[in-house]
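The chain below stands alone, shown as structure tokens; this is the form predicted alone.
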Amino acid sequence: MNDKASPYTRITGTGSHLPPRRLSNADMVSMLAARGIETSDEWIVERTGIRARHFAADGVNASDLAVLAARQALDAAGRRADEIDLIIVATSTADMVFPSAACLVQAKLGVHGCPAFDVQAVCSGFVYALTVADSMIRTGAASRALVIGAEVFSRILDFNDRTTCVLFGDGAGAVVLEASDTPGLLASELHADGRHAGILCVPGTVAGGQVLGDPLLKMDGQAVFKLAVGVLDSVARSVLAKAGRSEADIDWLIPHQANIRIMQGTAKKLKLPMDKLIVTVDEHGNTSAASIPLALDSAVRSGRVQRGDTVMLEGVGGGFTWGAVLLDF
């Protein structure tokens, strides 16, 4: 824990993990055909840009994926797990009702004592978690945070609904965020509007030892699309204004990897060329809270995002939640 507040925070390491089992669109077509449901690779690609996704094996949980991503991020930052004094996991598919996935990650990393908790903002979860960690470090409540997005959305999909089950995948991404004397995270903004809860939700719960309601994902795709493009543009411009930057200052846009058309629409509104848009949705599908850190780590390890680049992260998800972070990497 810091003995004094820090003026800035910086990402010092990134990591990610995808389960080994990769399902191409052809695999999904075959799986659904066995259920009497018709779809095609062309149908999926045209509407979403997705060509493949990864599903976790039975018995592999969100915390397991999170730990693997966290270890990569720690290695990249040159830090040991016992040097971390804050762990936040963004997830909608935690291992159990409680304790949090973050507490399980802490135990699996072999450390104890520091605060560990989950953030549940669905696909905006990583942006929310990063903003919370940034605030805690700046106020002196922590000095080095492990911020993770981890999901096993394959466990909550309705494989009788071709409009949703082809969209999502499993995975985890992580960053180490540290106190710094030089600017890193420049500005952030979070929003929610619970009036739109019904357009993307899992309307079930556990009570009396039974599942009440429906424990599978439901989505009104058109309603989500309409809201997403508008709020992502608005929040991005607001964060730029807070940071005293303009669209021209953005080197890379890393949005939540939900749908290629939403992502391209957002980039177009910001007048960014498509070669500044980081895209992993084609190979990862929509991994919810894991999608932004997965895409960030992919871009860092491929050499696209480099030290000194200005990066915009933004997400939108069930709740309805949305937010953005502008950072100098």
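Since we're looking at a predicted model, the values are computed, not measured. One-based numbering along the sequence shown.
One more form of this protein exists, namely the form predicted in complex with ligand UT7; it is left out here, but the text below deals with it.
The partner is absent here; in the predicted bound form, the one residue of Ser100, Asn259, Thr131, Ser92 having a heavy atom within 4.5 Å of ligand UT7 is Asn259.
Proximity to ligand UT7 in the predicted bound form, taken as a non-hydrogen atom within 4.5 angstroms, holds for one residue of Thr163, Asn160, Thr139, Ser246, which is Thr163. Heavy atoms within 4.5 Å of ligand UT7 in the predicted bound form map, among the stretches 190-198, 67-75, 251-259, 206-214, onto 251-259 alone. The candidate spot formed by Ser16, Val105 and Gly149 lies out of contact with ligand UT7 in the predicted bound form, as no residue has a heavy atom within 4.5 Å of it. Although the partner is absent from this view, Gln222 contacts ligand UT7 in the predicted bound form, with a non-hydrogen atom inside 4.5 angstroms.
Although the partner is absent from this view, Val316 contacts ligand UT7 in the predicted bound form, with a non-hydrogen atom inside 4.5 angstroms.
Of the heavy atoms in Cys123, some are within 4.5 Å of ligand UT7 in the predicted bound form. The shortest heavy atom separation between Arg47 and ligand UT7 in the predicted bound form is within 4.5 Å. Taking ligand UT7 as positioned in the predicted bound form, the only residue of 273-293 that brings a heavy atom within 4.5 Å of it is Asn286.
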